[in-house]
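Before any questions on binding or motion, here is one chain by itself as structure tokens, the form predicted on its own.
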């Protein structure tokens, strides 16, 4: 069992219930980073994308159950129901000791804990000396945090991740998640879902030759999560520059969400911190 850890994001005193209500569209909708209080015996049921999650408070413990469901039509909202119903006993349960009188649970979004190889459904070609911004939506993890100190007890992927190996051979490289994307170029065409965060990826091809983008490696573990005034989730932008040297490209993560996101508040920190300045990876590691 994972050792409890304190979520690095806490509510500021200014993050009041009134402020939370500003982001909430319905009393039946779930809300990130908003504390919920349960009574012993109660269960919260979350329907969020392809995920069904149940969080139960008992006298001596917390119980968490989850399962993934493939649906033809995925609901657009995050439905939350509090009651006394439990799912089928076939669904595995995780149990966590309840310390003291903790009755509070908070759900904090997190990006993937390793890089994600994005594969556009249709490859893109960036002309020589050309540049474009691709908007990518990636599925989140739900960090379940208990008590007023928001101790992390479980991190649940909201979409079943696929794994892939990226590297020049089986010895040199890294294990990544793999996801397909429409790689949209128009921001208004990007669906905004409560279980996905939007990342703008700015690719600048400085070479005298065209650059074919069939896949690229997004450093999701280095991205923090932010919520704008419309309740949409964003990450800072990622900038990739391909210079004349075809064997290397540079990548830089912006310190904050892009201006296109509008006013934002931080919700979840990056899984890993990157040192200041840009870092360089070999070209095949960025573009597969």
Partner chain sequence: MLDQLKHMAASVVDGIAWGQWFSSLFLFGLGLLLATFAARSVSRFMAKRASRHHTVMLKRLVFYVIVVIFAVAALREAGFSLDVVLGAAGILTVAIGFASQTSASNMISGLFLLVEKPFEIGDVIEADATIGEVVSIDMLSVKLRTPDNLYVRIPNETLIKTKVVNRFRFPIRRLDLTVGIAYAEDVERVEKLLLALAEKHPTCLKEPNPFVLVTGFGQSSVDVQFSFWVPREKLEASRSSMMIAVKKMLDREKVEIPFPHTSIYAGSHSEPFRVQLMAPQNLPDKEQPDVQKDS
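Residue numbers count along the first chain shown, from 1. What you see is a predicted model; the values in this text were computed from it and never measured.
What follows is about the form predicted in complex with the partner chain, which we do not show.
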Of 202, 159, 155, 164, the one that lies within 4.5 Å of the partner chain in the predicted bound form (heavy atoms): 164
One residue of 73, 89, 122, 170 in contact with the partner chain, assessed in the predicted bound form (non-hydrogen atom, 4.5 angstroms): 170
175, 178 and 215 each touching the partner chain in the predicted bound form (heavy atom, 4.5 Å): yes
